[in-house]
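Okay, here we've got a single chain as structure tokens, the form predicted on its own, with questions on binding and movement later.
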Amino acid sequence: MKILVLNSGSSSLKFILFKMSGEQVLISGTIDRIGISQSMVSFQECNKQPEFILGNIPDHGAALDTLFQVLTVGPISALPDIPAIAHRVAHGGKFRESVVITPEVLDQIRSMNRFFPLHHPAMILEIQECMEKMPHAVHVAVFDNSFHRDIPDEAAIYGLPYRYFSEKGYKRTGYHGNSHAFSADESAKFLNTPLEKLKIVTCHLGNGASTCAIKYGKSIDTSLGISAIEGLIMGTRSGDVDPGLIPIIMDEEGLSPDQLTDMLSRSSGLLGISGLSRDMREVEAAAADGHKRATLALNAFCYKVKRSIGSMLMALGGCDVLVFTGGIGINSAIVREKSLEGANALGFRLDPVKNRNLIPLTMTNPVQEISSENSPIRILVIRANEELMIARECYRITQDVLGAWA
């Protein structure tokens, strides 16, 4: 059985085609700059060299057409060879677990658009276009917040009038669940210890960022809330801001709610503080050259990670494993080092040589340890594979639907 995993952004489409026996990747790639000049398709088939195509891709429908052309001249002969499509979705409203997509499911996803102005509109458009172009397939929504469904009420509730919790369901739901879940699973494998016996803090650090407290295989707390803004400083997202400051800024600058959301989502975070870039690599390079705002952005990012790790440690009542994952978590030795400064007495003892000389991680070798030999808490760097977790969820959901295919 083959499963195609799609992960849509506002101007991008990531894809991986899995053959589920052996969980083999047949092809993977990204379509970038959708709706922008100089669109680019990059992809790689199993055991072949990467390929690149430049062109004009005006919308997600055209992106899917391009993707299907790539697939049918490569690993498949025709689209019906793919019986199931897994669509990554941030939040499914009342649906908290992976589900076959129906009009009701789409309505629930659409109802969460105001919480995810950067994510959901593109995801919905991609789903609709894909369902029209591949009506033979089973389409499954795999939600980013599903892994956090066991967070207890006392950790999830906001200090607002109770009706917002009980009637509207406004509470901490968290995201990056597939990444946190994969990191927990790989930690248990690497340590040769049952997941049900481990307390794990995972740090998914990238353009979007969050920490998670995982107790015996279940998420019990996370830094992201019901929107994609709360918690850590991110690429263009602010993270935590005193809510009392929000109406003051709106009044001073005459901002509408939509304009404020746009500011918190698109022009804050690393970009807003540094004034240079949302890319941590560029921020680090500028900081190394003495750029004061870039230095402040780097230090603030790492401080918020450090503080969040501490809160997750307290939520767990102890910790066996700390994981860094995501683009920044994997690639930035400086961020890992700064995020653990002064934490030796808490059990986080980093080996500076291992940290600075990380061996490139692969899909077949996704874990490396960077803690010192005497560290009470094991510190791991793990290459995220959210798409594999999404494919596994899709495979589980489609067993009854597809029968003989599975």
Ligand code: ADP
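The first residue of the sequence shown is number 1, and the count goes up from there. It should be emphasised that the depicted structure is a prediction, and the values quoted were computed from it without experimental measurement.
Just so it is clear, the following notes concern the form predicted together with the ligand, a form of the same protein that is not shown.
> Is residue 280 a contact residue for the ligand in the model of the complex, using a 4.5 Å heavy atom cut-off?
Residue 280 belongs to the contact set for the ligand.
> Tell me, yes or no, whether residue 206 is in contact with the ligand in the model of the complex, where a contact means a heavy atom of each within 4.5 Å.
Residue 206: contacts the ligand in the model of the complex.
> Just checking whether residue 327 would be counted as a contact of the ligand in the model of the complex - the rule being heavy atoms within 4.5 angstroms.
Yes, residue 327 is a contact residue.
> Is residue 383 one of the residues lying within 4.5 Å of the ligand in the model of the complex, judged by heavy atom distances?
Residue 383: no contact with the ligand in the model of the complex.
> From the candidate stretches 144 to 152, 329 to 337, 220 to 228, 74 to 82, select the single one in contact with the ligand in the model of the complex, where contact means a heavy atom within 4.5 Å.
So the stretch in question is 329 to 337.
> Within 4.5 Å of the ligand in the model of the complex, heavy atoms considered, which of 129, 284, 320, 185?
If I apply the 4.5 Å criterion carefully, the residue I get is 284.
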